[in-house]
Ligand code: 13P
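This document opens with one chain alone, in structure tokens, the form predicted on its own.
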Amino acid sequence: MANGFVLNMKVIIANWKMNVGVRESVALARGTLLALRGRRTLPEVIICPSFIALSEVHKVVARSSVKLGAQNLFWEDHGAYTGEISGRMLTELGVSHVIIGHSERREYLGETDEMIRNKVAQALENQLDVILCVGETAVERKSGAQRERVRTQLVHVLDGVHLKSHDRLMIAYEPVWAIGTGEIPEVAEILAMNEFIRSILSDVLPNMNANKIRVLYGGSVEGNNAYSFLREQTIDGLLVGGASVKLNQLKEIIDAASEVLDAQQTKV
């Protein structure tokens, strides 16, 4: 389970996808720790290597502030499910967070809202903090259906979910058309979507503690644009894909988050 939530904390999640093996993951994890040294304020950093690297990366980050996340899990705790990983197995490896519902899994592996809903339940049952991805395709955006698509995803996945006092939920708004393309929405569009997401969450999770839920942005995030997102108060952090396996890029993103946090402390 992750440490207690800190108000105004910015979150940086590094999703390494299927880009690096065990040795490279260990080196990236060590480099991430070095990038955090000597800073007055730090964002919450969560790194998500592939399943095969989780154990070795945990050895690197176990005594640090960096959290370990998984890129997926199965919706059952045990059983005859060849090739799958349960929440119980993840917690045994020191995992505290899990990405669920990424558009790549929806597109390439046929994950449905019902499957994702079951995965969220499994994660929460094992006290894993959930990073739930939502977002629209280019076709849905062009037709003006982006809000309806995001609303449908949130309602289908979260309706009936009961968050306990120790549960934490992050919603990562990742427009499918922006992932890995270099195209990004205007910041004003992201802010409007974040506000919309929060309004849906208020309806779906009426008893939620707003301080337990973070709304993040993801999609072609790089070092040169991270600050433009992070400086916005209602963007609680970033889910970073391809740029997160380039240590110089990840360092720039962490720099941007620290700069924003420093400025917040100065205002206080």
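The first residue of the sequence shown is number 1, and the count goes up from there. Please read these numbers as outputs of a predicted model, since none were measured by experiment.
This next part talks about the form predicted together with 1,3-dihydroxyacetonephosphate (13P), which is not shown.
By the heavy atom within 4.5 Å rule, which residue out of 226, 239, 47, 57 makes contact with 1,3-dihydroxyacetonephosphate (13P) in the predicted complex?
Only one listed residue qualifies here, and that residue is 239.
Consider the chain as shown here, without its partner, and state which of 70, 230, 221, 216 has a heavy atom within 4.5 Å of 1,3-dihydroxyacetonephosphate (13P) in the predicted complex.
Among 70, 230, 221, 216, a heavy atom within 4.5 Å of 1,3-dihydroxyacetonephosphate (13P) in the predicted complex occurs only for 221.
Give a yes or no for residue 178: in the predicted complex, does one of its heavy atoms lie within 4.5 Å of a heavy atom belonging to 1,3-dihydroxyacetonephosphate (13P)?
It does: once 1,3-dihydroxyacetonephosphate (13P) is placed as it appears in the predicted complex, residue 178 has a heavy atom within 4.5 Å of it.
Under a 4.5 Å heavy atom criterion, is residue 140 part of the interface with 1,3-dihydroxyacetonephosphate (13P) in the predicted complex?
Flag for residue 140 set to no.
Should residue 251 be counted as a contact of 1,3-dihydroxyacetonephosphate (13P) in the predicted complex, where contact means heavy atoms within 4.5 Å?
Answer no; every heavy atom of residue 251 is more than 4.5 Å from 1,3-dihydroxyacetonephosphate (13P) in the predicted complex.
Partner contact for residue 102 in the predicted complex: 1,3-dihydroxyacetonephosphate (13P), 4.5 angstroms, heavy atom
Taking the distances in the predicted complex, the answer for residue 102 is yes, it comes within 4.5 Å of 1,3-dihydroxyacetonephosphate (13P).
Want to guess which of 82-90, 170-178, 187-195, 152-160 is within 4.5 Å of 1,3-dihydroxyacetonephosphate (13P) in the predicted complex, heavy atoms only?
Result of the contact check: 170-178.
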